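Quick heads-up: the structure tokens below are two forms of one chain, split into structure 1 and structure 2.
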Structure 1
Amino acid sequence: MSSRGNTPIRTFLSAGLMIAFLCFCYSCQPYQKFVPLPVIPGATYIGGEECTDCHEKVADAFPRTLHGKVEFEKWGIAGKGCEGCHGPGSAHSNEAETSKTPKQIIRFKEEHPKGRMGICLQCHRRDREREDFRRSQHAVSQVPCDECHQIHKGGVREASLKRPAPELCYSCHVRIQAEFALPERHKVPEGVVNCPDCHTSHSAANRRQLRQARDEVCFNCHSELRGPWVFEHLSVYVEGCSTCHQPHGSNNRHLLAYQEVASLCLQCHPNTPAFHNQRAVAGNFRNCTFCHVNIHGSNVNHAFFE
């Protein structure tokens, strides 16, 4: 009796421990610390209107950008408009009375990447995807928001990107660009598929910043392969698509990791049934998928013949 009484408590405790452990693991992942606005000593907020006098070009365009329509005060940001991102402007404004090159204002190009991220994350850390930004490879490698986004030409392009993907991405990921130049590839250069279909730029929720965990990202478009199958090729579920396929591009047909299908299969199936004579020219047992047609899974045949 008494041991039974304990069970819910034990379950509760072990579930609790498990959750605590998972939280611990998550908090150990590398991440970029949240950094508040860089400090300009002695400066106070003067209100965005002041800036318009001297920065006509930027100020004229600003109302047409998405940020120009945002009421910064609502977000608990001290400065209005311009000063929400560029910091308090009194010192800069005073200096500008006498100098042609006034400093004492946040110039993004000169700030440390950590500080630049902090400015944007004041508001955007509440976004569903951006809230996780600090754990992304981009944040950890100190690629701040304004490397990809432009503020003052907003509305010009989708998401105010400096350049659209994939060109934006290629500017840093040169090796990936080469993979998409291979003869077999997802049609990224042709504009059929694009990097953001599979990756996010902001989140570390999944390995390799994939939009969904593992093969789920592939099923968005290849839904016919999702199954469930009566006879599933276990490897598909145990190891995932990229055991056999190179997701970006490949020299081999069907984006396969091997030139010859047999080399791929024999890795995991070194002992095929004896009649699979690998040396026989006639009958060619090396062309595995000639017979094992539905290699991803089948509802009819355990050896994937149909």
Structure 2
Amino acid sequence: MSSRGNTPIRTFLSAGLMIAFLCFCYSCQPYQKFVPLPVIPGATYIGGEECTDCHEKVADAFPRTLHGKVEFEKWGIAGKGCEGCHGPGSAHSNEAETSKTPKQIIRFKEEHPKGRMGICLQCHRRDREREDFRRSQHAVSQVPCDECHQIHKGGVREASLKRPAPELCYSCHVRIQAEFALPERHKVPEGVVNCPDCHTSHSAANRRQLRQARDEVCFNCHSELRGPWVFEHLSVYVEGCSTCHQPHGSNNRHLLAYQEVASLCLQCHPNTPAFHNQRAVAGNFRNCTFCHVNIHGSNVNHAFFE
């Protein structure tokens, strides 16, 4: 049977192996067991109205937030209000009568990051994305929810973010910010696209927390490169776009990982034909895509000629 006839079989087997591999890797992702909340001895629930006596500023702003408008009955914490997150407040309230800094309450900034995430996931685990947060890179790195989200006052957009993306993301991802300053880049600084267009902060479906598996997130904009192709460029098919491209920024106008095309191609194709004179400083042989124009895949030529 010809190599062309074997292509569907090879494609099917490769896809099956890839799916099995991804499922295996996903199952091995560390599942964060959050720290149990502290138990406040003898404390009982007294209702959120008691909190307004001392926390006037918070009480004034909180009703205008999403948390302030939510139907607490839906989440099983009816009548608790502030205590739904901070724990029963009777001991804290009694201590406030004799101390300027009463402590008998759950204070987020003093809790372990895993404990703070656990508080939020009491309610925010009703969909797969946020339930999956336990395996995400943010959870593994112990970045709690309140590092990005406002709780007591309104923030940016419906998610109550402390700052808009990408400025919020740059506070941790400084290297990525530097890549967006390179001459060629996805137009994130210009506001054409934004980090949440490609990434999700909560899901752990893949290591880079992309919204879609593999290269599907790239094909949302670059649909002409999706294929399928009769002759596939296997590095693209197996390893994906980031094998050759730097998605955030590059010195190459096609966002390639190397400035010179030949330097990139020779990483996988070191044994070029003798007539490909790589020693020449200038010439077409230093630009592989001058001849191999359909480098992502072709329906007519196995060498990706036009």
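Please read all numbers here as calculations on a predicted model, not as lab measurements. Please note that residue numbering is based on structure 1, beginning with 1 at the start of its sequence. Only the largest set of C-alpha atoms that superpose within 1.5 Å between the two forms is called the rigid core.
- Working note: structure 2 is the copy from the form predicted on its own; the remaining copy is not.
- Once the rigid core is overlaid between the two structures, P102 does not reach a Cα shift of 2 Å, moving by less than that.
- Annotation: Cα of G115 displaced by less than 2 Å between the two structures, core superposition.
- T52: CA moves less than 2 Å between the two structures after rigid-core fitting.
- The shift recorded for the CA atom of V300 between the two structures is 5.9 Å, with superposition on the rigid core.
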